[in-house]
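Listed next as structure tokens: two forms of one protein chain, kept apart as structure 1 and structure 2.
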Structure 1
Amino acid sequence: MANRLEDFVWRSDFFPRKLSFTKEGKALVAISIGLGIAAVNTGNNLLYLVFGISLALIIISGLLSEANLRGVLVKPVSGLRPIAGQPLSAVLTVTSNRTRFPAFSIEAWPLVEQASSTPGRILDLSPGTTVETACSLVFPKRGLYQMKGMVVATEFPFSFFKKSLIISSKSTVLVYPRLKKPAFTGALVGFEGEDESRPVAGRGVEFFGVRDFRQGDNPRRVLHRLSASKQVPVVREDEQLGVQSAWVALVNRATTKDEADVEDAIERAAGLAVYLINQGRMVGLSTMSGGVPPGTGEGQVTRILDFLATVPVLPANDKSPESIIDSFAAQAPGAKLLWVRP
């Protein structure tokens, strides 16, 4: 109950400030209570004096931590593409809008649901200055995470309390699945005789064709005249010889109640796709919930991982995955189909 309440207060927008005791703070409060009881019990005025000092330390701690956060701003981070389970370093820009006093011991980090974070620390922030610090985020699994804003926190001056302020800035963070290294090394089965394959779009120097601009494409490859005439951005594709395209066919349907094996399959599919693309191959992805047409390069990696980040885990049913995936993969005939099953 207490944890739920604490969590509610922490997540709620109604409370702009969050205050939590540190270990030292809890000890001081316990000592103060003991001192108060001793003073009242004995009537010893010097104990009252020491009690007054301990209360003063608590009050000043609360007031000064509030003052320490005033005028401190953190710019929200954007464009994060973290991988589940791997720490992601994000650079934060912290600015002091104050005119007079410096701020000390500032910590900052993005507040993202379920993600664990190591804050970026700034020891001394002079008035009117902007500094950069790096924080670290770890997301437990792939998916779309809600970022509520940026947290600025301090334990200054005495480390008795941690006061935090959330600068609201709502956005989402797409977390990629882990990239599991494929078990094989060397040439893939079914890729023998690559040289005899027909030309496809990819890395090369010869003109292959044009197509509509897709997310992840290099904007330098946009053909502006043609785009102007067609009223949509169009990019040029080069011909890549000797490259056989491959379809990573992911069965995202659970075989048992446990979804972990599907998640494992997604991670293997992600690792395989990235491995193949890094080898310079044209790779497409097909799943029971859609797919990504074949492509090459960094853009294709982004497209596949974006897709895999949110691909759903389907419940177990009688439908054959092969028919669905095959029909999708039929869009690019001749491509090799690499099955990834739970």
Structure 2
Amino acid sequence: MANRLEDFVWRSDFFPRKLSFTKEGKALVAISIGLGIAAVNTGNNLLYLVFGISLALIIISGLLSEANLRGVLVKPVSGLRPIAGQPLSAVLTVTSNRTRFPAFSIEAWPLVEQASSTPGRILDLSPGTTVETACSLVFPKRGLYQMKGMVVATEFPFSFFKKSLIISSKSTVLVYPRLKKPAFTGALVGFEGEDESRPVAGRGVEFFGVRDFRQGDNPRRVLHRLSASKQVPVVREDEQLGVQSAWVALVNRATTKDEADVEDAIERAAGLAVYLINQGRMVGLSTMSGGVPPGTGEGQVTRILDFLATVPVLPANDKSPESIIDSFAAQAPGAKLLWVRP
């Protein structure tokens, strides 16, 4: 019941300040209640005095913590691309708009539902200064998460309570699936040997043709016998080496009522795609819910992981044919099709 009430307070916009008890605070409140009951029953003036002091400490703690949070702002963070289950370090910029007094024992972190966080801590924030601190976030699974805002909190001065302020900054966080390494990380079947040659001029080993010498050409590539009967020297050109391309074909349909097998397949597809791209391959992604055209480099890694972060899990009773995957793969004829099934 207590946890549900605390969650309601944190999720609700009705409460401008969030207050939670620390272990010391719970002990202080329990002792204060006990002293109050004992003082009423016994009529002992000393107990009334101690009871009054404990209540005064609670009030002073609330006033000082409220003053400690005033004028402290946290710049919203954006562009976070964490991987599910892996800690993500985010740099936060904390600014004090005060002109006289410093702020002490400040904590800051992004408020994202379902994500566990370790706040960034600042012991002393001088007036009119800006300080950077790092927090850590862990997301349980892939998907799109809603960020409600940035939290500024403090336990100053007595650590009886933690008072927090949410600075509204609504945005989203796209969480990538876990990257499971392929079971076999050597040369995959169909990728052994050298890259294929393209019928265009470029850097390679196969002969493509000859052309007139141009400024900047390597003199070693001049064909002297052919050049002897011409006014302009000619040079040899080779065929361009092409990067072998692959399509990661993901069947995102559950085989049973349990959808965990599809999540595992998504993680294996993500790991396989990233591995192939890091090997210099041109990789595309094809699923029963869409796909990503072939590409290379870090940009293609981002595009594929962005797509896999929100790709739906089709139920077992879905009648969509797997031929949908082949229609996407047809965009790159001759590419190696690598199936990933639940």
Partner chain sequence: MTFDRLHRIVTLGVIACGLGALHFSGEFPIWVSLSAFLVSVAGVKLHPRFKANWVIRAAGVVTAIAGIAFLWLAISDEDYLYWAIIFAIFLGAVKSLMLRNDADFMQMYALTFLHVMAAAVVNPGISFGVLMFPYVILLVLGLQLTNLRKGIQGQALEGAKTGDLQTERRLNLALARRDLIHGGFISVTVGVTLSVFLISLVFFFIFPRLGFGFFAQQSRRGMAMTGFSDQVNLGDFGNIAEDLQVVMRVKSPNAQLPLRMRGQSLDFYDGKSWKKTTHRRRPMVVDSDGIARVGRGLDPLEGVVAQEIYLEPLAGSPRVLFGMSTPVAYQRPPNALEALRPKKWRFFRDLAGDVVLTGPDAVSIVYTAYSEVSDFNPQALRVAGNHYDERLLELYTELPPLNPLVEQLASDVVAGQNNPYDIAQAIVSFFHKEFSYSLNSSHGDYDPLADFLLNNREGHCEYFASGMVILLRQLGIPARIVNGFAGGIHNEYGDYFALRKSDAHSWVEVYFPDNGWVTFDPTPPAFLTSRASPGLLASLMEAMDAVQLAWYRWVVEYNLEKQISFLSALFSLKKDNENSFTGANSLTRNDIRQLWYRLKALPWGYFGLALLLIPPLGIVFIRLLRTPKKKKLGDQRDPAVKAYNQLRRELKSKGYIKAPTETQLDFAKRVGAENPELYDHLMTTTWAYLEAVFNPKA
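Fair warning: this is a prediction, and the values are worked out from it, not measured in the lab. We call the rigid core the largest set of C-alpha positions that still match within 1.5 Å between the two forms. Just so we're on the same page, residue numbers count up from 1 along structure 1's sequence.
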Properly assigned, the form predicted alone goes with structure 2
- For Ala39, decide whether the Cα shift between the two structures is 2 Å or greater, given a superposition on the rigid core. yes
Please determine whether the C-alpha atom of Leu223 is displaced by 2 Å or more between the two structures following superposition on the rigid core. yes
